[in-house]
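Take a look at this one chain, the form predicted alone, written out in C-alpha cells.
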C-alpha cells in the first residue's frame, strides 16, 4: 500500500505552496487507495502557535483534504531520543555540549532517484556532520523526519524541490538506521507572475485569506492541481472525484508553475456560474452582513434574484458585494470619467428628468413594464436609446457597466430609483463646477 504524508509546521499559516503539496499527496493516496498521514512538525516549541495549527487544520478541512492518521512530533520526543541513542551506542554519532551529532562518512556519494528530476548525485564532502538531537533536547528536522517517515511506513515523499538539499542528508540517516528508503518526488516551486519565488507581494499566500475573500474550495483545489500537474487534453475544470480518478505522478511537470490570479479568478467564476442558486445565496449572505448591506432579516427572494442577475459577472463571493453595493446603500461612488461623458450636458439632465417622471407614474414595476414604458418615452422624445440609457445607468449605478438597465431599475425598487435620479438631477443643476471632486454625489 502506498503511504504518503503532509508535514506542516505550525509556525505560520498554510500557504499556497503547502496546500499544493498536501493536495498532490492526498490525490496520490486516494487515487491508489493508499494512506494519507497528516504529521504536525511542532518540534520548535517556542515558535509553534495554536492559532497556526488551527488555521492549518481548518484550511485542510475546508479544501476537503481529509487524513487517515494524525501525529504530533512534539509527542514523540522519546522515540527520537531512542534512535539517537542507538547511533551513539554504535559509534556512528557523538556528543558535543549535550547535542547528539551524526558523523557523516566522507569520500562517499549519495544518489537520489527522484521521480520528477531523475538521478541526482551528491558528494558527502559537501555535507557537514548532522545534528540529531539539539542541546535543548529537541530533535533536528532531518533526523525526526527520517525516523517518523520510516516508522510510519511512508513509501513516497512528495514535497517541494526546495527540500532537495535535505534529501541526501536524510538518505544517509536512513542507511545509518537500517531503514528502507522511500521514493522521492520533488515538485518544482510555485513562482509569482514575475517568475520570482511566490511571496506576499504577489498577493495573498495563506489559504485562509482566499477563503475570506470568497473563493470556493472546489475552485481552489481545481486551480492548485494545475500548478505542476497536467491532466491532458487541455482540460481545466474538473471535480475532485475526477482529479482522484485521473491523478498520476507521471504527469507532474518538471518546470516551475506560475501562479496566475486571473486564472484562479476565472476558474472560481466558473464554479460560481454553475452553482445552484440557493446554495450560492447562502454562501454570499455572510459577506453582505459583514459589509452591513443586509441585517438578520432580508428579502431572500429579492436577493436570490439579484444574485442570479449577477451570476456570470462576479468571480468571488466578496466580489458580488463590490459589484452590487449600490443596491444596498444610498451612497453611490461615481466614476469621474463616466460622469464627465454622460452627465455633463443639459440634454442629459432633461432626459433624466423625463425618465424619473416616467418611473414615478408606473403602477406595475416588473422588468417588462419598465422596459416598455422607457422605450415608449424615448420614441415620444425622439431620442436614441443610448442618449437615455447611458445617463440613467451612470446616475443609478455610478458607472458604465452593469447588467441590463431595466433589470437594475427593477431590483433597485421604484422608491430608491426615483430618489436617486432626483438627487443626481439636483446636484447637476446646482453645482457650478459639476462633480469637481467626485467620491460620490
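Residue numbers count along the first chain shown, from 1. Computed from a predicted model, the values in this text were never measured in an experiment.
Form predicted in complex with a small molecule: not shown, discussed below.
Handout entry: Partner proximity in the predicted complex: residue 291 to the small molecule, non-hydrogen atom cutoff 4.5 Å
Key = Residue-level check for residue 291: no, no contact with the small molecule.
Practice task
Although the small molecule is absent from this view, report whether residue 4 comes within 4.5 Å of it in the predicted complex, heavy atoms only.
Solution key: Contact check for residue 4: no, nothing within 4.5 Å of the small molecule in the predicted complex.
Problem - Exercise: residue 159 in contact with the small molecule in the predicted complex, heavy atom 4.5 Å - result: It does: once the small molecule is placed as it appears in the predicted complex, residue 159 has a heavy atom within 4.5 Å of it.
Exercise for the section: Flag residue 224 as yes or no: does it have a non-hydrogen atom within 4.5 angstroms of any non-hydrogen atom of the small molecule in the predicted complex? Expected result: Heavy-atom contact with the small molecule at 4.5 Å: absent for residue 224.
Practice task
Would you mind picking out the stretch of 242-250, 159-167, 297-305, 271-279 that comes within 4.5 angstroms of the small molecule in the predicted complex, counting non-hydrogen atoms?
Solution key: Careful reading of the contacts points to 159-167.
Handout entry: Position in contact with the small molecule when the complex is considered in the predicted complex, options 220, 133, 145, 284, heavy atoms within 4.5 Å
Key = Selected residue: 145.
Problem - Listed residue that, although the small molecule is not shown, lies within 4.5 Å of it in the predicted complex (heavy atoms), from 71, 141, 174, 326 - result: Answer to the contact question: 141.
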